[in-house]
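Alright, two takes on the same chain below, each alone as structure tokens: structure 1 and structure 2.
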Structure 1
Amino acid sequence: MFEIAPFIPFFVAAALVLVLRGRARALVSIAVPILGLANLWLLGSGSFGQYSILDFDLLLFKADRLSLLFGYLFHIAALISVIYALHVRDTLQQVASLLYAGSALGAVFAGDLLTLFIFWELLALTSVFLVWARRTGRAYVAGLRYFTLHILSGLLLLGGMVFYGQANGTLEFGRIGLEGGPDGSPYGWMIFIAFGIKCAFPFFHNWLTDAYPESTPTGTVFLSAFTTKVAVYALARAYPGTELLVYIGATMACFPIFYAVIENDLRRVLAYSLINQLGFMVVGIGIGTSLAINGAVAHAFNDVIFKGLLFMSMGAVLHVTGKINGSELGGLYKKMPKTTVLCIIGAASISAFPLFSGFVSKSMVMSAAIKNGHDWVWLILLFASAGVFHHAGIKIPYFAFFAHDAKLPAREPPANMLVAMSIAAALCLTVGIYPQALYSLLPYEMSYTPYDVTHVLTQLQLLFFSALAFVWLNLRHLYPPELPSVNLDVEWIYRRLVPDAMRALFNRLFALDNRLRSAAVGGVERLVEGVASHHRADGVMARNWLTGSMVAGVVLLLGVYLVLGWV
């Protein structure tokens, strides 16, 4: 049978988009995710595309239930994002986004570490153009930082892969674990950190909050779908059941919500809440039971759709009004009612309201946490659930569409944007109402029912009283107002501290260098001055000597020789 690896249609389409214009280009862009999905459905589990480099057998395509689910997800995400971006007339963005989606598919179906590494780097290389496509100074420097960190991640993966190959004699991509090789080679940690950078682990998370909000309205939708989810997939494949991940995930779920409350740029609020959602997935992978892994993967699936929907609604606001700061927006529900409703569906989904998609997947991770005795982690995740409702569920729609009416000129976004958002909203509701559709695709068999009385009641109590807190704080004017500001985060170290330290260091080095040079120049000048002083008028060398005194000198000299001759 003639088999095509899932990334190939996307790469071919990217080449076609480069030469096509207008309707033909749109047709190719829409057709490729649909045909690709059909292709993947027919391929199913299995592997092909064996090739070898340097005695290593490599595998271009290897699919099991885990990678297949991510494969379906990426096709759906690509379709929605492409439709959302149909109005864009920018070849750079359209080519880059198709290559980017293709790279994500290549990485998910990579059977070995070298193939994974190649697509890992391609992900960084193609996605950075989506940041630069905004064509502002800010986007340019943010893109540079984004690219640097992702290349670092790739280099760590490459180094880890070399050690892994040495220790195991194979590059097959399977469970790796932190233990490392029998000879104590550190490949486990190197690959772990490589995945961790892409997964926005704490201290490595600022590339996300830095670059995503600087991308174009449409570019951010693509960005939010692929990079971090490839990392989640890689962690689920290589590090299931690593306990450290439980604590990393709990931290990721918790700390971004504080930043999200005080952040002004609403797309940056969503970037922080993206880290918060990744936290739930990472906890699930860290617990490692079949329920937990299923929960993590299901949540990744739902997150791509509802976070995409939220980024799309904010992208629509930015596209229409040219503004995205909470302090400048408000009252848009009058002019953008459809966008408002769609945004609220996304907000309800991320907040895990019953009947919306977040509810059926987040609860699996929570249940797994408490079943495995992680009581404190469970409490933290519960707090994070309340917090995500607070900032993503309420704050985003409230400050953009309600609150104080900023009286901005606005209208509904182009039809293609509304269609893309509607597809995402429909998926959120479908999965929320009929979760078995998603459950049947999950990697492990399980019997889990999200809808029981206890669970629905407790979740509604949690959410409604979180909302009550928001209402109370707002009526009492205790809620922090949206302020035009920058909040310091870990990025401060490499955006301010290190450049400042380097600047100070170089200034001091230059000063030292200056002093040494001027001292040397001064010395030479003094020498020249000293020599010259003897040649000036009245100088020793410029004086006129009497013949008599010269004769006396010669006599003295001869006298000295005479004395020396005797002695």
Structure 2
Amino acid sequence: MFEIAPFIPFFVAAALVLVLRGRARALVSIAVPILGLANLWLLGSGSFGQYSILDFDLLLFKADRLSLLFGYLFHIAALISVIYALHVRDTLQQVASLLYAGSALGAVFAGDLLTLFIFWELLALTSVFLVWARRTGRAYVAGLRYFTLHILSGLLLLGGMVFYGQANGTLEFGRIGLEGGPDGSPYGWMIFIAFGIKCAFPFFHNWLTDAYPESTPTGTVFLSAFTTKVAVYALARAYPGTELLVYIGATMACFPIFYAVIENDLRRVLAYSLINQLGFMVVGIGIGTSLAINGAVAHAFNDVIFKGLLFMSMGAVLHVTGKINGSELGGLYKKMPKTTVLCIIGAASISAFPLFSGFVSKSMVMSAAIKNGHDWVWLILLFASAGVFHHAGIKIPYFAFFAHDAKLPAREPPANMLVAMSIAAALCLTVGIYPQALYSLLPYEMSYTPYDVTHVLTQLQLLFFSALAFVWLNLRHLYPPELPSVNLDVEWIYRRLVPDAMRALFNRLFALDNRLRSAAVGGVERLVEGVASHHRADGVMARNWLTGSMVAGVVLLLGVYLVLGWV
């Protein structure tokens, strides 16, 4: 059989899109994820593309059930995103998006760390152009910060890879763990932090909330699908069962809720919500059982679809109205009824309503947590579930399509955007109603039934009381109002504290420099003035001196010279 690595069709298509125009360009863009998915389906599990560098055997393509699931997911996400962006006439975005999707596929099928590193860096390089494609000053600066952090991630991966190769004599990409090598080399932690940066671990997450909302409406849909999910895949491959991930994931599931509630930019709300959902996946990988890993991977699959649907609906609002702040929107359900319904389907899915996709995967992670004795983590995830219903399930559709009528001129978005959102909505419902279609693709065999009485009743009670709390807070005017503002969290350190501290330090240094220069100039001026004063008409050097005085002076100088010579 003729074997083609999954990333190659996307790279070839990007080259074709660079020279094609009009319908030919659209045809190539749509065809590549469809044909690529067929190619991947035929390839199945296995490996090929072996090559050697510096005595290391490397592998371009290695597929098992874990990587295949992400491969299928990325092809579906690429197809939906390409359809959503068909109306865009921007070669930069179209080329970058195909290269970006291809890089994500190259990373999940990498059989070794060097191949992974190459595609890891290509992910950063190609995705930053989707941020810059908006061509605003804010997008340019946010893109620079985004790119800097991702390059740091790549450098850590490169360093960890070198230590790993020295310690183990191989670069095969498998389980790594935090234990490190027998020589105490820190490769386990270096690679862990590299993956953590791309997975938006706490304190490394601001590239996501900073850059994604600054991208174009279509660029954000691509961005939400690939980078973080490649990191989830890498963690599932290299660090399953690492307990530290349980606590990191629980933190990720909780802290974004508070920022999402007060955030005015609705795409930034979704960016915080993305971190919240990543927290569930990271917890599942940290627990490490078959059910937990399956739950994490299944939730990654669903998250790409329903989060993409929500980003698409907000992108449609931004495309049509030019506004995305909750304080400036409202009442759009009358003019955009189809978009409203599709957004509500995405909101119901992320909130884990029964019969929607989020319910059948999130419950797996929570069940795994309580079965393995992580009772407190289960409670934290329960709180996080209520929080995500507040900020993504209610706040997004409520402030965009209902609330007060902002009387904005609006209409439904272009047909291609509606088609892409409809495909995503259909997948949300299909997986929610018939979860076995997804379960059959998961890495481990298992027997799990999401629709039992306990799961359904627990979730319905949670959603009911969360909705009740939202209504009560709104009626009592206690819910945080939508205000025009810029909210910073950890990024305050490098966007405010460090620049202000550096500015104050350099101001002091410049003031000191000015004083030293002024003192030096003053000293020179006084010296010149002193010397000049002796040459004036009444100066010492202008007087008449007796010959005897001069002889006495010469004798004195000779005497000093002789004394010095004798000494």
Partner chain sequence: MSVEKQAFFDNPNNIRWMLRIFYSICALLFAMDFVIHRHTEFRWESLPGFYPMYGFVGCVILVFAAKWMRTFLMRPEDYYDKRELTDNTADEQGQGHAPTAPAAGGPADV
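Here, rigid core means the biggest group of C-alpha atoms that superpose within 1.5 Å across both forms. Just so we're clear, the structure is a prediction, and the values are computed from it rather than from any experiment. Numbers given to residues start at 1 and step along the sequence of structure 1.
Undergrad: These are two forms of one chain. I'd like to know which is the form predicted on its own.
TA: The chain shown as structure 2 is the form predicted on its own.
Undergrad: Compare the position of the CA of D513 between structure 1 and structure 2 after a rigid core fit and state whether the shift reaches 2 Å.
TA: It does, since the D513 C-alpha is displaced 2 Å or more between structure 1 and structure 2 after the core fit.
Undergrad: Any CA movement of 2 Å or more for L556 between structure 1 and structure 2, core superposed?
TA: Passes the 2 Å threshold, so yes.
Undergrad: After superposing the rigid core, is the C-alpha displacement of I53 2 Å or more between structure 1 and structure 2?
TA: The answer is no; the displacement is under 2 Å.
Undergrad: Let me know the CA shift of G523 between structure 1 and structure 2 in Å, rounded to one decimal, core fitted.
TA: C-alpha displacement of G523 between structure 1 and structure 2: 3.3 Å.
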